[in-house]
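Take a look at this one chain, the form predicted on its own, written out in structure tokens.
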């Protein structure tokens, strides 16, 4: 898209030029002040699906509640700390470290935020370093459970973006006019994300543009995110290598050149190799009195093994003193791709059997990128003491007929199209 090319070319030049022109490295250490804040979640989840696992992130948690264990305590549990430094009126910095279960099942500390900020004036600020990708309404606070009414953001939408933070440059321009406030943010950078099963996702030339408009109890937000994606995983590498080897074998057999061409084309059609991806989103939040209404929508464009998909949710809640019950409906759709693969016409029988098995494995592979499901969630939050809240949440999930939804660790007897029921209980706290 022209908009993406324009943003990518302008963002770093504008931000770096402004940083240099205002001499951002001239800090006044003698006026510095520091503060520390912490947050955490203690929780358990159960699932009645014994042929797959329910997790909070399908790309970061290899197993969870259901098949691995009826009850699982490592899905939402986490502990985080944040240090804020204020050097002077213009310069500040933040470092946030979070300990939660990672893709290798280890509880390894990870840096979520690490940046320095320079405020040119009351309206314009710049950040350099690692920042959270604010693709959605509560992306900034998604790990701070106490700041949100849910136990976790609706997975149908909040897991549609596979990366959570970005290393680079960030600029925010805020303008107040009357009772209105408008914030325009542009981010440019890159990130590397480890995935389950020793995989890695690399995003380069990432650009995010978002605009947030606030008035009284109303917040409206629009965002656009684009990046070039590389996916490196043992499963995809082995599969694509097998097709390249098949192409070499078929090319040496008279009359099978067309089949060889098909074999060579599949890895290039479905592989993530500097592949562009685009995500659009819109959000609305209303908080009149004790009522809360939130709704968001997002679209991912078709690219490589990903089909075009739309995700949305709507939440309605009401606060009764220390109790806040809520209900959420959510959906992510998108057609599960079906690939005919390499034709076996004219192949020797042993090679035809091998090719058919390879084609079946390929369809299983690309089906992993389809997560179509619908859900309804009933929950309640109880702020029983200062700085801590107990949350209980029941979720009923209807998987698409050809999809495993957001479930992971699928077993041989797993059936797509199932209905899954989960129950979660957590205590969120800040200190």
Partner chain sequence: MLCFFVASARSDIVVVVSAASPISSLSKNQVEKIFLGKSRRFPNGSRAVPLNQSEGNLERDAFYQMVSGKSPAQIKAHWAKLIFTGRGQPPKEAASNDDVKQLLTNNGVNISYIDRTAVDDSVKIVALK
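If you're wondering where the values come from, they're calculated on a predicted model, not measured in any experiment. Numbering follows the first chain given and starts at 1.
As for the form predicted together with its partner chain, it is not shown, yet the points below apply to it.
- Note on the interface: of 234-242, 161-169, 303-311, 81-89, the segment with non-hydrogen atoms within 4.5 angstroms of its partner chain in the predicted bound form is 81-89.
- Taken together, the three residues 370, 413 and 419 all stay farther than 4.5 Å from its partner chain in the predicted bound form, as judged by their closest heavy atom.
- This chain appears without its partner; in the predicted bound form, the one residue of 77, 226, 185, 328 with a heavy atom within 4.5 Å of its partner chain is 185.
- The single contact residue among 136, 272, 113, 150, judged by any heavy atom lying within 4.5 Å of its partner chain in the predicted bound form, is 113.
- By the criterion of a heavy atom within 4.5 Å, residue 359 is excluded from the residues contacting its partner chain in the predicted bound form.
- Put simply, residue 344 is far from its partner chain in the predicted bound form: not one heavy atom of it is within 4.5 Å.
- Within this chain, residue 396 is remote from the site of its partner chain in the predicted bound form, having no heavy atom within 4.5 Å.
- Residue 104 falls outside the set of residues with a heavy atom inside 4.5 Å of its partner chain in the predicted bound form.
- Shown here without its partner chain, the chain has 113, 117, 119, 122, 125, 127 in 97-133 lying with a heavy atom within 4.5 Å of that partner in the predicted bound form.
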